[in-house]
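Only one chain is given next, in structure tokens, and it is the form predicted alone.
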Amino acid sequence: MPATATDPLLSPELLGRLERLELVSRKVFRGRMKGERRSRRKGESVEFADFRHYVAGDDLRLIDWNLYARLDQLFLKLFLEEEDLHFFSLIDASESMNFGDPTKLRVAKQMAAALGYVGLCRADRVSVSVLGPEGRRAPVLRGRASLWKMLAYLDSVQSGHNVSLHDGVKEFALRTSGTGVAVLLTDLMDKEGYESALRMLIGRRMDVFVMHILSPEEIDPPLRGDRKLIDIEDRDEAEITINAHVLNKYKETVQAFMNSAKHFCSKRSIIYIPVRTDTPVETIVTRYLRERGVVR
């Protein structure tokens, strides 16, 4: 049975499965706070890294006295530092996302909530926000107790923020400092194109993932006969007759659009993930995102 707008974004069963996952970054970022993620820096975790000679002023508690007994030299034990990761979910809430059953926007919010909760459980910093000026009020969250604050923010997100992907990502880049993992949740339907927006995220040295969300009706529309098509965002109109030939050309165009986005992302080390709205969120997170290295 399809989810309705009043159903919770994440079921209790899915929350339990998400707690066992971890967000993956293909890049090494320097964390701001102590977390559960090993870094290349030396710190205070329980994971041994190396030895070095003792110098005046070092913490005497870190001296390896067994080595001193054997070598008559003072060595310090070094441990790996554990840091957090900053995870960003950027939601396209333009009017075109308010389509399908469930809508693309609801699936985007479910994915943002699922990935955000994985980060919260691992003591990462989590920012879930909508593209555009409304994203300024999104809180930066940490710790699994912040789940309800994140869900409350997502429940408040409505469609109608018809900001272009370029302007939305630019606004995000201007208000955000630091780097991390960024997941863009969008249908990529923007007459100005998506390329400049993705280039900006790469330029910010983010580890970028794109979740391209489409409904089954957009991929294989159940339409025939004379129709008037109206662009839901700018009200452009077109009258067409839909027959088998037109429908095949449309499907070829959609597939070419998806292939083009995948190719663009692949050339720039962006992970492109197509998502159909009729795929359960559990399947997307625990199978597709695992296969593409977003979580493990």
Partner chain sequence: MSWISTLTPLHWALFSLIPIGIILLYFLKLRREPVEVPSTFLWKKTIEDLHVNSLLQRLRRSILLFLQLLIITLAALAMLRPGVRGETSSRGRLVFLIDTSASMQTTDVDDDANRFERAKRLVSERIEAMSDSETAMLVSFSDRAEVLQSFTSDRNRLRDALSRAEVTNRPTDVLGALKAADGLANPRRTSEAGDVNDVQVADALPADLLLYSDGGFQTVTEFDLGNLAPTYIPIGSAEVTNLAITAFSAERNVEKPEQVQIFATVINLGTRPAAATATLTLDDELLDASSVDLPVGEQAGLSFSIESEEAISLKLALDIKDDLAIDNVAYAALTPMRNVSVLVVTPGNSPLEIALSTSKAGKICQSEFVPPEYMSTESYQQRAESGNDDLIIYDRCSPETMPRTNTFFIGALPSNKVSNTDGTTTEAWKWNSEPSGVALIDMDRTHPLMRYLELFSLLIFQGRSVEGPAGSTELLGADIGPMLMIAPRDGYQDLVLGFELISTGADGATQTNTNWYAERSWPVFVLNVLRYLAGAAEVSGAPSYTPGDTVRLRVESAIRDVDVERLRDKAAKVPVGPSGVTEIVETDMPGNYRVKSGERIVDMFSINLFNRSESTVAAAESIELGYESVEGEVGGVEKRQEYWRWLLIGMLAILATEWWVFGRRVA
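Numbering follows the first chain given and starts at 1. Note that the structure is predicted; figures quoted are calculated from it, not measured.
The same protein has a further form, the form predicted in complex with its partner chain, not shown here; the description that follows concerns it.
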Checklist entry - Any chance all of S96, K104 and A238 sit within 4.5 Å of its partner chain in the predicted bound form, going by non-hydrogen atoms? => result yes
Checklist entry - Which of these residues, M189, C121, L147, V163, gets a heavy atom within 4.5 Å of its partner chain in the predicted bound form? => result M189
Checklist outcome for this item: Answer among 218-226, 147-155, 124-132, 69-77 for heavy atoms within 4.5 Å of its partner chain in the predicted bound form: the stretch 218-226
Checklist entry - How about H245: is it within 4.5 Å of its partner chain in the predicted bound form, going by heavy atoms? => result yes
Next on the checklist: Quick check on D58: any heavy atom within 4.5 Å of its partner chain in the predicted bound form?
Outcome noted: no
Checklist entry - Any of the heavy atoms of F257 lying within 4.5 Å of its partner chain in the predicted bound form? => result yes
Checklist entry - So in the predicted bound form, does S269 come within 4.5 Å of its partner chain, heavy atom to heavy atom? => result no
Item to check | Stretch 248-271: residues contacting its partner chain in the predicted bound form, 4.5 Å heavy atom cut-off | outcome: K249, Y250, T253, V254, F257
